[in-house]
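Below you'll find only one chain, the form predicted alone, shown as structure tokens.
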């Protein structure tokens, strides 16, 4: 009955900023229904403005999630193989096992700050994650505003970072492309024109042209700066949440949660259409 009683109209959309470093809640949208051009335009602008959006109490199936993703670009199947993918663009993130087999990926451990798929030459742009089951404790996701992190660097550090590139590498070797991938440490967003830091401890491995000690020292200095509380916003998941975030001006991490707790999330993503530029 819900879908018969509601339609999406741009004048019913409310955008409520979190008041934190990033993020806004979008109200007045039922993602089980199609969106018209005006709705998409307003939501897209909200992504550029707030970097992370969340929609509460959504009841959507896999095809509806893919349809929503497609409003913002081409939904692409994840590069990692996964069993039982009737909707190929859907990637399951979960610690649950059925008949001794994992139904998804990424388990229950902490995942440190990163930008999705940065180990690819054309990495992630937008990611979408929908909560099917959430643990009672743990499993929150944190985002860092890398615009703010860059803007608050000293002038001397900004000058030092000009032209520097960093190697990004997945910890599972077979996930990596044959050639090493490096990206600018400071990248420019194609829509906003703003610059942001583009390094994170999970996937950034070294700085091109630096020896190991120099590389590690500078990266640790940048990580220490990025992870200051004023740049971070935390989302506590609820069943029915759908979040979309822009990987270009943000990094994110997942907090660990007990293996005895179930967490099942559906992910879609847009990637492979953009090379980061300084």
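Every value quoted in this text rests on a predicted model; they were computed, and no experiment measured them. Positions refer to the first chain, counted from 1.
Beyond the structure shown, there is the form predicted together with a small molecule, which is absent from this document and is the topic of what follows.
Checking 76, 129, 134, 181 against the small molecule in the predicted bound form, a heavy atom within 4.5 Å turns up for just one residue: 129.
Scanning 114, 187, 165, 205 against the small molecule in the predicted bound form with a 4.5 Å heavy atom cut-off leaves one residue, 114.
Contact with the small molecule in the predicted bound form, judged as any non-hydrogen atom within 4.5 angstroms, is confined among 191-199, 114-122, 171-179, 68-76 to 114-122. Residue 141 belongs to the set of residues with a heavy atom inside 4.5 Å of the small molecule in the predicted bound form. In the predicted bound form, the small molecule stays beyond 4.5 Å of every heavy atom belonging to residue 248. Within 4.5 Å of some heavy atom of the small molecule in the predicted bound form lies at least one heavy atom of residue 252. Taking the partner from the other structure, the small molecule in the predicted bound form has no heavy atom within 4.5 Å of any heavy atom of residue 54.
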